[in-house]
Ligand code: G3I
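First comes one chain, alone, set out as structure tokens in the form predicted on its own.
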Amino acid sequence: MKKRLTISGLALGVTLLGVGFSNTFAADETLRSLAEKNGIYVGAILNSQWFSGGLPGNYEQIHKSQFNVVVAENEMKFDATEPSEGRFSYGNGDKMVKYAQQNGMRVRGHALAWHSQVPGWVNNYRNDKQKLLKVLKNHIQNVVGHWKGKVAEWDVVNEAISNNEPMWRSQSVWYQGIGPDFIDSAFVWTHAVDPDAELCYNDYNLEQGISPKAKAGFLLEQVKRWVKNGIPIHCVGSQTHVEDTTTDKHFIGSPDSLRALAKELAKLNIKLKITELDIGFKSGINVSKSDLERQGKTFREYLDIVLEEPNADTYLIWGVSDKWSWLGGLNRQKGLIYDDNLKPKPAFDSILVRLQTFEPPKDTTVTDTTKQDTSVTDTTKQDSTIAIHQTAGPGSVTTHVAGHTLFIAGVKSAKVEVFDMQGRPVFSGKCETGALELKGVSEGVYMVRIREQSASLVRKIAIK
């Protein structure tokens, strides 16, 4: 599953920026349906409370309707799957896999080799390299083998780089007992068990720059070495746990820096996945409406990377509702896209509208293809004209904007609603004369929904 969309946008005068038709507007669509339309994965963890029935019924309904990729919060980690040596426990992981299969969702496995959540018995072999190698290999062979063909991608190694300076995390039981070779071995063993699974290295703070002194810069050099040496690595997972330190400063962590990492990985034919996204505020502060709107903008900027970079395909949030979030342990709050009552926040609206309105950037390789086959140019021209009829719906509806006036042809009586780019309503009215003055709407880019009976036409407009 990879995004390759056909552009059906059409310029009408100088103000109509894009065209789209659906039976419902963004507020009635789901993140899942729009993600699938755009050829990407949008997902969230299954919180650990779900496995014991500790969440309200609408949690699961929201989860399976809004997301098309899933990962367990804790239930596939080492201590959960092999709590005692050689005795494996797959019950909760099986429950999630069954849930994913029943609902057509992709499964991520998290995580095989990590310094944390390792059962105590593993530390008994901290000074025995050969024994530790056998322990790790046996764990990977059993766990990956159990879910072979059911788990599409694995975080094979998680957080192996120190957070203080670019070097390997020395306090890891795997590093102390084996050395950095445990990473190469883990990838090789996982690939041998399930050659079809995508294998990721996963870490945090990768959105903080790719200089040699940054974690992402250090990781890039390791990825180059792995690729050169034939280590079977296919992707890098950026956890992207982003924090807003105060309500009057920008978020720590840069979408531009993460995009730069994606571009460098593309040169190595390695994917970037956003695997654990949350954007939290310091606990104890009052989070205002404008703060939540800025948070939504940041969620959207990270989504843009997945939509626009050809080697990025996954946008996975580390939680659904603020009520069941791990962020309290980090002294953070309100970092997810649903509030404590499972109501969507401005961040949800921001993601939804971005998926609704996304048009892929022009691919410069198209120019070369067009030179080789002139029929491509002709087809493109025809496609722009046909787009009106394909997207306009009943009555061959067409629209254009001049100043603050919206002109509509093809409907007798239509309800008109205008939304900003976060999905918030800014205007509503009824058009019965073919033209409607959008009073009180400022200059800018908006989505307009035109509804006549059960049909709904959605278009992006610019008011100048």
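Residues carry their position along the shown sequence, with the first being 1. Source: prediction; values computed, not measured.
Although not depicted, the form predicted together with the ligand is the subject of the following passage.
Undergrad: Counting any non-hydrogen atom inside 4.5 Å, which residue from 334, 110, 271, 139 sits next to the ligand in the predicted complex?
TA: That would be 110.
Undergrad: Can you work out which of 153, 244, 73, 322 has a heavy atom no more than 4.5 Å from the ligand in the predicted complex?
TA: When the ligand is considered in the predicted complex, the option within 4.5 Å is 73.
Undergrad: State yes only if every one of 77, 114 and 326 has a non-hydrogen atom within 4.5 Å of the ligand in the predicted complex; otherwise state no.
TA: Every residue of the candidate spot has a heavy atom within 4.5 Å of the ligand in the predicted complex.
Undergrad: At 4.5 Å between heavy atoms, only one of the stretches 261 to 269, 223 to 231, 114 to 122, 167 to 175 reaches the ligand in the predicted complex; which one is it?
TA: Selected range: 114 to 122.
Undergrad: Taking 4.5 angstroms as the cut-off for heavy atoms, does residue 318 touch the ligand in the predicted complex?
TA: So residue 318 counts as contacting the ligand.
Undergrad: Counting only non-hydrogen atoms and a 4.5 angstroms cut-off, does residue 313 reach the ligand in the predicted complex?
TA: Residue-level check for residue 313: no, no contact with the ligand.
Undergrad: Does at least one non-hydrogen atom of residue 158 fall within 4.5 angstroms of the ligand in the predicted complex?
TA: Yes, residue 158 sits close enough to the ligand in the predicted complex that at least one of its heavy atoms falls within 4.5 Å.
Undergrad: Does the ligand get within 4.5 angstroms of any non-hydrogen atom of residue 356 in the predicted complex?
TA: Residue 356 lies outside the contact set for the ligand.
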